[in-house]
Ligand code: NAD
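Read the single chain below, which is given as structure tokens and is the form predicted on its own.
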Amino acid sequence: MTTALVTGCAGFIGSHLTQRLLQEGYTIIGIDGFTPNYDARLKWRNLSLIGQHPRFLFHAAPLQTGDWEQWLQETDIVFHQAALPGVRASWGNAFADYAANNLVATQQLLDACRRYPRIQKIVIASSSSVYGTMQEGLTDERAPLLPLSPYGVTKAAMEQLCRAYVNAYGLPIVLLRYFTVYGPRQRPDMAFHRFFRQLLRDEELQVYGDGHQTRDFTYVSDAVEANLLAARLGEAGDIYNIGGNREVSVLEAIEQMAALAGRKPRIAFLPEQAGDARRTCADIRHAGEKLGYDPQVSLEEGLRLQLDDMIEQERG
């Protein structure tokens, strides 16, 4: 039986990944440090949705003070989802927290993994934020890294750290660059969560910029599938874009969301925020060719599923 360590297991993507791995028959050691970037009750809700399971052992602990011997000695695969996310919150004094959670914690994890040759693969979540604003056409993994925010800088630096450990110690690290993941349990600071909450409460939708900025949105189950594929087929040092195969403007997405919610949106346009990219659009051919990655959930279906989850939250 395969044992996997999942960091950030109570978070948005991490909780979905943990559920899927349990369904696939894995034994899971789940770690979450409950960083205070949003209400911890939402993370406890995520854990409750995973449910009690005899093959799920949960530890509430920060990675920086990790009990690596306990966590790693029986681990076959590591899925590193834990991070301090968010572009807009990463400026100023907050940068120290981003460096601690996204760089120092990752370095400690990788250094610990060196001591356990049983580990077959280390799949690490990165971000499209490493690219900054993308140019015309699709952006592939060879594009220059030009992050626009301190958060993006920590993710780009984390990738370089991983390369160093691959080159120096042969650690079997595979990196996944997520493009704007959405779906049930999405963090409350993310746009789709905010827009649905505002629609359901008949509030103004607060849009930063003119709304014509575009994103490549990735449904959470597709991001989870990418992790499983990377664990099976990725090779040490591989990096993959994980996108949804469709570029959509913020205003187009709002139109679909409002139709699903049966509401007429009232939009308040706010100033652009420092660090926000104007455009993201993933070239996912490399992940398709090497991993067999093929996103399955359309934006329309994914938004409906997220809305259903948020209606349940509003009632609950």
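This structure is a prediction, so every number in the text was calculated from the model and none was measured. The first residue of the sequence shown is number 1, and the count goes up from there.
One more form of this protein exists, namely the form predicted in complex with the ligand; it is left out here, but the text below deals with it.
A.B. asks: Go through 98-106, 138-146, 112-120, 167-175 and give me the stretch that gets within 4.5 Å of the ligand in the predicted bound form, heavy atoms only.
C.D. replies: That would be 98-106.
A.B. asks: In the predicted bound form, do 85, 125 and 155 all reach within 4.5 Å of the ligand through at least one heavy atom apiece?
C.D. replies: All three within 4.5 Å in the predicted bound form.
A.B. asks: Scan 240, 219, 196, 151 and let me know which has any heavy atom within 4.5 Å of the ligand in the predicted bound form.
C.D. replies: For this set of options, the contacting one is 151.
A.B. asks: Quick one: from 77, 224, 181, 230, grab the residue that has a heavy atom within 4.5 Å of the ligand in the predicted bound form.
C.D. replies: Looking at the other structure, the residue within range turns out to be 181.
A.B. asks: Using 4.5 Å between non-hydrogen atoms, is residue 37 touching the ligand in the predicted bound form?
C.D. replies: The answer is yes: residue 37 has a heavy atom within 4.5 Å of the ligand.
A.B. asks: Does any heavy atom of residue 259 come within 4.5 Å of a heavy atom of the ligand in the predicted bound form?
C.D. replies: Taking the distances in the predicted bound form, the answer for residue 259 is no, it never comes within 4.5 Å of the ligand.
A.B. asks: Is residue 11 a contact residue for the ligand in the predicted bound form, using a 4.5 Å heavy atom cut-off?
C.D. replies: Contact with the ligand, yes.
A.B. asks: Wondering, does residue 61 line up within 4.5 Å of the ligand in the predicted bound form on heavy atoms?
C.D. replies: The answer is yes: residue 61 has a heavy atom within 4.5 Å of the ligand.
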